[in-house]
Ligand SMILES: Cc1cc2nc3c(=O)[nH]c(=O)nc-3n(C[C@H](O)[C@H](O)[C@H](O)COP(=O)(O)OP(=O)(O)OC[C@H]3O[C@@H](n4cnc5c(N)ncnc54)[C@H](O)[C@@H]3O)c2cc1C
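Take a look at this one chain, the form predicted on its own, written out in structure tokens.
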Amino acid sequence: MTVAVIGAGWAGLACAIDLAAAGERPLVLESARQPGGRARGVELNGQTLDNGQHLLIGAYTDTLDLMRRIGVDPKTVLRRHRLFVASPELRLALPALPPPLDVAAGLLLARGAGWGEKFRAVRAMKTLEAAGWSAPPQQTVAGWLAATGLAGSVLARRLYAPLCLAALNTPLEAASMAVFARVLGDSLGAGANAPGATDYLVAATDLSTLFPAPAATWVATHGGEVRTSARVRAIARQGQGWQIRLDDAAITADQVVLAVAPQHAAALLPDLPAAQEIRQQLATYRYEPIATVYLGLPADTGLSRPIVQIDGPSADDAPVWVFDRAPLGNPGVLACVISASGPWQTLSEAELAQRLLEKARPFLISKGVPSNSAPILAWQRRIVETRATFAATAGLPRPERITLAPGLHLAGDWTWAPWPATLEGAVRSGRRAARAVLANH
């Protein structure tokens, strides 16, 4: 059986790994010059950085499983930290207690939040747990915060809103509470059966080295192939199989997995009734940007914690997560992640960098001690993915099936409902597509 996987992002690579492990010889076609999609390493200012800073969490069980399979030890390439929030208003850290006591204790012991909102937050979490970590399809996260009495609170501004933006990349006023509830359930609410699900997993290497590059190598050494600079133009039925047209050639396959971003999927779907339904769904999607702003500081300058949360660059911008990249071999480099659209988009790169540096100033250390003055910014670089993810809005239609015709399957984070656009959602969707291929053998 010949299987073509279109797209070498984390979904396509996950699919190819499981297919190769089952004895198949998948051909992965990627339009870019390297695998990894929106989570890969890039060369900037003479250093290996990433095209966007990502944070994994302990609940990413499928991602961690595949890393082990391809010979990447998560304990070596990921730094595990208990969930904490270090921000101008809130200090929160989960204590070393068994779940779910750790979450309740972390909320109650948080500094900066009043007792009333702490108890309301614990009650809100218990209510979500009783509902099976679900919410009405049309409810927004902003609506949920208002209903629980948390709207406008420190916990809303510094915990729930930043977590929602980091996971869903969608403003609270539009973000789906059903999707956010599932994220909270799989992390904060994972319970005793999944210890460490809430932990931050901070990469100790660039993203390409973390997964895409070793995944492509593993697939190749197990009989498959990952072909880069291979742009697919069309997919069409050919007999009992499929023809895949590239810029300079056409290939045939018994089965095809389309593992591309939703904004690219519609153009590649063949003319089939089931595909038309997907196109209609995709026509309702809108997309949100993510910016990673790199700040180049003296090599002995960093953050007091591996990750901190600072105010947005302007009053109407959401809080920004800042990562110290020294553990990745980039001393003096901070990565500031801005999720979703906002006033920050009107700022020049230089102005945005200066504002972020000033906001990060209270968390800076130099030679291991707090820095009394903002260091000189040696360089900055803003990387913006203008359509980084689909907006996980309330009521957004998601595919109800991934096999559109015999031998034609979908993968990608947008197909893994009810999760938002995350690396784990992409990996899980790819593994599901591999199971569909093998079942259709």
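The first residue of the sequence shown is number 1, and the count goes up from there. None of the values given here were measured: they were computed from a predicted structure.
Omitted here: the form predicted together with this ligand. The next part is about that form.
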- Task: Considering only heavy atoms, tell me if Ile6 and this ligand come within 4.5 Å of each other in the predicted bound form.
- Result: yes
- Message: Since only the chain is shown here, I'm wondering whether Arg82 would be in contact with this ligand in the predicted bound form (any heavy atom pair within 4.5 Å).
- Response: no
- Message: Taking this ligand as it sits in the predicted bound form, is Gly407 in contact with it (heavy atom to heavy atom, 4.5 Å or less)?
- Response: no
- Message: Please determine whether Asp65 contacts this ligand in the predicted bound form, using a 4.5 Å cut-off between heavy atoms.
- Response: no
- Query: Every residue in Ala11, Gln53 and Asp413 with a non-hydrogen atom within 4.5 Å of this ligand in the predicted bound form?
  - Reply: yes
- Exactly one of Leu27, Ala394, Ile70, Ala388 comes within 4.5 Å of this ligand in the predicted bound form through a heavy atom, and that residue is Ala388
- Task: Name the single residue among Ala59, Ile402, Leu49, Ala39 that comes within 4.5 Å of this ligand in the predicted bound form, judging by heavy atoms.
- Result: Ala39
- Note on the structure: Given 28-36, 369-377, 394-402, 41-49, the stretch touching this ligand in the predicted bound form at heavy atoms within 4.5 Å is 28-36
- Could you list the residues in 214-241 that come within 4.5 Å of this ligand in the predicted bound form, counting only heavy atoms and keeping sequence order? Ala230, Arg231, Val232
